[in-house]
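Here we start with a single chain on its own, the form predicted alone, put down as structure tokens.
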């Protein structure tokens, strides 16, 4: 391999940003042991030019150590050089885990699930984003025309994703003006989070090469269709077989998968602080938005926080392979590692406690009366980041999922973001998140 140029060491932080430092490719092998230093306090960065209060201050640094299995290349062209990159784990020292590393948080959560159940969590992300430029004129939602006018960009995006090792399931126009979506292939949880992180960055780079700008903000403007990040989940046995379904179970869920879902629903308000973790997120969530405003589960119900998706085939075995649960209350201001980690932890609580699945929402829960929702155990989700953070602080079980440093720093950052949104004009807030993500 050519040893000229740079390779970028990339890691995800608590606000879902892909941070990086570059080193000469010729020096890469030496970095496999010691990585690169990064101030511990860097984990307290907000999405903007601000450092939230944190336990470390100016003292000490963490090592960003490459995971060589994640090395990838984004192909170049006549105008752009090849981009080499690798995903890192944040380590307190070589061989020593750091208690605020989001990738390690995800790794430990799914390892605990496997240790206790023998099952792997399989996940896939659907990543919605907006493209724009000065001369960009959006076409009709979902239309062939919306694909055709940006065919060069979309095929370029697919080529870059595939060359980097992240071949998508689909790349397609979506409902919003100028909105498109990447559907990632199912992978084991940690690799699925890696794929989500890299896919967003490749989409941004592909857009730049075609004179566009891509933004994954959950709500570009108050009146614009929101960008979600739907997370599809299933459980697999040691042979890799999807064991999430049982045709005789509630909503077609197997016993363990039903308990997993019940755990997620039980802790949904706390989970939401990590899956929809920005002030803008709550302008996207809400009744009648197809992004959910209620804590409930339903079969193919796009207004439920958890949507059960049966596999589609006349062959029961093929249908079982495609069976999955979709978490709809999520967006790309979340770290994919934190999102999968907390979903795993919540689901595992349901398995441990043998939680029973509540009654499903068979219609749009907003169309039910308050009495009908109460009878079914359907409750409204938090309507602001402040409310989600309050719910997180009140959930004593969820508190046990985190180290002190990770938990307290996350709360510090998110409290700062909530304060910022309250004290800033809405147009400026929307614009800053649109630019940051």
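Positions refer to the first chain, counted from 1. This one's a predicted model, so the numbers in the text were calculated from it and none came from an experiment.
A second form of this protein, the form predicted in complex with ligand GLU, is not displayed here; the remarks below concern that form.
Though ligand GLU is absent from this view, in the predicted bound form it lies within 4.5 Å of a heavy atom of just one residue from 281, 244, 227, 344, which is 227. When you look in the predicted bound form, the only residue of 91, 71, 114, 289 with a non-hydrogen atom within 4.5 Å of ligand GLU is 289.
With the partner omitted here, the stretch from 172-180, 195-203, 352-360, 105-113 that lies within 4.5 Å of ligand GLU by heavy atoms in the predicted bound form is 172-180.
Ligand GLU in the predicted bound form is approached by residue 328, whose closest heavy atom lies within 4.5 angstroms of it.
Proximity of residue 128 to ligand GLU in the predicted bound form falls within the 4.5 Å heavy atom cutoff. The closest heavy atom approach of residue 208 to ligand GLU in the predicted bound form falls outside 4.5 Å. Contact between residue 302 and ligand GLU in the predicted bound form is found at the 4.5 Å heavy atom cutoff.
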